[in-house]
Structures are given as C-alpha cells and as structure tokens.
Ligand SMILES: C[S@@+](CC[C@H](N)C(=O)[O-])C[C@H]1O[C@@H](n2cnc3c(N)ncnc32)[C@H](O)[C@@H]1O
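Take a look at this one chain, the form predicted on its own, written out in structure tokens.
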C-alpha cells in the first residue's frame, strides 16, 4: 500500500509537518536529548519529513538514521534528506544492524497500527535494546480499540491501541513513562496518541534514587 501511495503520502506530509503538535514533540525531544550522545533513528521514516524537520529546527549535528519497509518511501527520503541522514530499507521490528545501548533516540510515527499486540511489545523491547540508558523514545499511534477500516483502499492489518496499553507495554519493555498525550484529529474518526519515554538503566535508576 505504501509503495503505491508513497508520492501522495509525501505530498500530504508536506503540509502536515507544519502542524503545531510536531513542533512540540520534536522540540521536547531535542531538549531531552541534551547531553545524550548517539544517533536518532526513525524506525518508520516514510518520506523523511520528521528527520528533516528535526535536523532543520532542533539539532543540525545529530547523526540521523531512517528506516522504512517501503522501497519507494526509502527512495523519497534519500532524495529529501541527501547527506543529512543514512536512509535504509528495513523492518522497524528488527534492528539487528544496530548495536545494543548505542542510540540516543528512537522514533515511530503512525506505524505500530500495522502490527499486532505481540509485535508491538516485541518492537518496544527491540527499541529499548538499542537505546542507551537515558535514551528517548517517541511513539505516535492511533488511539482507541478495534481495527481501522481502510475501505476499498487496502485489506492491510490496522489496529488502534489505547494509551493504557502503550504505557503498559512500554513499561514492561523497560521505559519510564514521561508523557502520554491523546489529541483529537480534525476530520478523522479517531484520536492520535503521542508517547514519550526514557530508556531505564543504571543512569536513570541512579538519578531517580537521588
């Protein structure tokens, strides 16, 4: 589906990326990453809008990596970002090429609705593995229960998850919950969820004990 709609999706994001929620989420991320070294990985980068906006408005020095399962999305992101980011074809559920405790931040924007609950929990554990202690996780998802109906466009799996489910799975994976915000989306029959978490480890445990 995303190969077929890559160009139209990229055109849609050209306008969507200017929404205040993205400036807020990415700005908050940049502040939380102060003093945390390592790359920022967008595990479902699409045409690359989140990485480019973060680079332009928040941190021009951070190493950026984009991963997407769609070859056409990877091609669009590679053109858009050029030398700014390393764009790779890959699966957000499997980051075998990324070393443990090596990454400063992991992003996942509106992608986990395509995987089932067990895969969401598995992906969170994988993202925790690659993050250094104190590393940051940002997940945007469609909030609620039940499936998302794409109508005649596609029969692809799409599920909504509640904020409570995301919080529970993230905590079980080893994340401290920093914020879990549910925002109405105009002209959409569902709300958006924005989750922010910190990878727990020796550093964060020491800080929490002090």
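Note that the structure is a prediction, hence the values are computed from the model and not measured. Positions refer to the first chain, counted from 1.
The next section is about a form of this same protein that is not shown, the form predicted together with the named molecule.
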Q: Specify the contacting stretch among 24-32, 66-74, 160-168, 178-186, defined as having any heavy atom within 4.5 Å of the named molecule in the predicted complex.
A: 66-74
Q) If you check 85, 124, 92, 130 against the named molecule in the predicted complex, which one has a heavy atom within 4.5 Å? A) 92
Q: Identify, from the list 111, 138, 120, 104, the residue with a heavy atom within 4.5 Å of the named molecule in the predicted complex.
A: 111
Q) If you check in the predicted complex, is residue 41 within 4.5 Å of the named molecule, heavy atoms only? A) no
Q: Answer yes if any heavy atom of residue 13 is within 4.5 Å of a heavy atom of the named molecule in the predicted complex; otherwise answer no.
A: yes
